[in-house]
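Shown next as structure tokens: one chain only, the form predicted on its own.
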């Protein structure tokens, strides 16, 4: 006789469902419209730092290359230009060739949110309020703390730190060095990093991961690290100093959870960045895909000032369920 047993992670799975319900409740209360989106597209936004999945639609003699979307951004931005207003999506995204990790999978759930006439710091306030709301729903009305992997974090406020301040505090890299490629690479070499044959972006990322990131979200509060160098602006507006972009990431207990921009609305600048990213993809031998020209056309039509954030939904669910891997928040996995 076969004995049937329930999955040993059923409790974490149920808590992740409650987490999802709480997020929906918060956003509906704030007037955000939930959008369901496709996961296949014939064109993508070019992003040099990630690889994609390619597939093919076949019907009789007709063949069309399609790509699994690495984020819902290209679809949501088109809707924003058509006046959809404050909106969000929680759905599957796909990224190829990423290293295996307990907190990442090639198929994962992305939570992306956009708020009109808002800046990145407005989104920071909204996200903190959402975290507080969700925590009270899951852990009781009086609760303002969460515990993850042995680290206690209060959700009363952000620990805010500029990228330049973080590099000075944790990596002993001065601001004058951080924003000067030659000085930065020299400082990195003196610290023992291999810089020959590497770009500024490569070495920056190494130092960030090795010396800065482990400290983020570890000082009693979630950390909001903001104002990245323009080399990491992606789709974000630049600050008046022209050295930094209006972008932040946030961390809890050393885990990176979200990436936010004040959205770039200048279509000419966006087209230029797309061309640069596409060239980097080609030089890096990435899978070639058509650039989403419709995205540029949508920006030409007009995107009003707004800000958006992408959050790793599985990771945040794991934080609230207090489990070490995103696999533990799922009942069926293929990785």
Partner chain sequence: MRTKASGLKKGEFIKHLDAIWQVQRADFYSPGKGSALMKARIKNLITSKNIDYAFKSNEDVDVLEVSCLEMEYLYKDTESLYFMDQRSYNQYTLPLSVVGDVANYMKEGNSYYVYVYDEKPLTMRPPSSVKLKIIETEDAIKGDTVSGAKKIAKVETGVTVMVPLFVKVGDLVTVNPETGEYGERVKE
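Being a predicted model, the structure only gives us computed values, none of them experimental. Numbering follows the first chain given and starts at 1.
FYI, the form predicted in complex with the partner chain isn't displayed, but the following is about it.
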Wondering, does residue 176 line up within 4.5 Å of the partner chain in the predicted complex on heavy atoms? no
Find out whether any non-hydrogen atom of residue 57 is located within 4.5 angstroms of the partner chain in the predicted complex, and reply yes or no. no
Residue 187 versus the partner chain, in the predicted complex: is there a non-hydrogen atom within 4.5 Å? no
Residue 140 versus the partner chain, in the predicted complex: is there a non-hydrogen atom within 4.5 Å? no
Check for me whether the partner chain, as it appears in the predicted complex, comes within 4.5 angstroms of all of 15, 25 and 85 - heavy atoms only. no
Just one stretch in 99 to 107, 116 to 124, 71 to 79, 237 to 245 has heavy atoms within 4.5 Å of the partner chain in the predicted complex, so which one is it? 99 to 107
Of 148, 158, 94, 208, which residue is found within 4.5 angstroms of the partner chain in the predicted complex when only non-hydrogen atoms are counted? 208
The one option of 169, 194, 183, 136 with any heavy atom within 4.5 Å of the partner chain in the predicted complex is 194
Along 21 to 56, which positions have a non-hydrogen atom within 4.5 Å of the partner chain in the predicted complex? 49
